[in-house]
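Presented as structure tokens, the chain that follows is alone, the form predicted on its own.
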């Protein structure tokens, strides 16, 4: 896609859902700026600390205004970076401590007002991908393109663990501790009185639990393209998506029983079609098949009639079917690989 007037594209969701990676990729694909609003909360959380909660409104507002955020390119032709008082925000904010402090200060109305004002200023008259927790509901309610990403807590914890492990930043934390922290932060973010975490009414909701990065990115790019071009909702051609899942020997043995296999596959198909329906209000249909290959690989293939968010509907059906079967078979550590070849 060429760099055009996309306006603000919002991407919201809980911690560990993959927002940052996807938002960066989306901004790069579209040739527009990326605004990591969570980094702004993390920055002020570290600068002000937990003591911010005990400050008077006037004192807190004055402290917040000591920090000016901007998007600046370090050199000509480079991608803009988030800066605080002219200095690029660095790796010091990517710790669990910074995340906990961010969630704490995010509950303070004055601090939220100040950061939301700064975010709106950066979004005025420019095209950018704004990633956070209330972009589509509070900060940019008129944005044309809105997305809400979600994933199961255990999936998000595993992703976060691997990310910290790769950076050598685990600091002794276990997977179980990270998951408890994510669940606690979810409760805090979703339950706060001020701007709670929730999807905007007109947001496209994408569950990334069983999808790879490329699959989610294609769904989002398709959605943006549809709205940019004003694509007609008429259904004219199929879009295919599929997922494959390698099963354990125990699961394969269970599925040798034809009656049991059909019962489980029927429930998987039902769940997949329900997910496709929930993913888009389009009336275009989705067909879904479930098969077990001889090498112990389960395959869910979906075909969606072309129309608004056709790839999202196809991919939602296939991934939900695979996830349902994994749950039924108690397959806790399977890898689900998504493929989205496009129009056939």
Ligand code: DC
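Numbering follows the first chain given and starts at 1. Bear in mind the structure is a predicted one, so any value in this text is a computation, not a measurement.
Although it is not shown, the form predicted in complex with this ligand is what the next lines describe.
Student: Does residue 132 make contact with this ligand in the predicted bound form, using a 4.5 Å heavy atom cut-off?
Tutor: Output for residue 132 is yes: heavy atoms within 4.5 Å of this ligand.
Student: Is residue 324 part of the interface with this ligand in the predicted bound form - any heavy atom within 4.5 Å?
Tutor: Residue 324: no contact with this ligand in the predicted bound form.
Student: Any chance residue 189 has a heavy atom within 4.5 Å of this ligand in the predicted bound form?
Tutor: Yes.
Student: Please tell me whether any heavy atom belonging to residue 41 falls inside 4.5 Å of a heavy atom of this ligand, as the geometry stands in the predicted bound form.
Tutor: Output for residue 41 is yes: heavy atoms within 4.5 Å of this ligand.
Student: Only one of 240, 269, 112, 159 comes within 4.5 Å of this ligand in the predicted bound form by heavy atoms, so just point that one out.
Tutor: None of the other options qualify; the answer is 112.
Student: Which pick from 220, 211, 245, 102 sits with a heavy atom within 4.5 Å of this ligand in the predicted bound form?
Tutor: Here the answer is residue option 102.
Student: Whether 127, 145 and 226 jointly form a contact site for this ligand in the predicted bound form is the question; each needs a heavy atom within 4.5 Å.
Tutor: So, no: the whole triplet misses this ligand.
Student: Tell me, please, which stretch of 68-76, 166-174, 189-197, 270-278 lies within 4.5 angstroms of this ligand in the predicted bound form when heavy atoms are compared?
Tutor: Going by heavy atoms within 4.5 Å, the stretch is 189-197.
Student: For the heavy atom contacts within 4.5 Å of this ligand in the predicted bound form, list the residues of 14-32 involved, in sequence order.
Tutor: Just 19.
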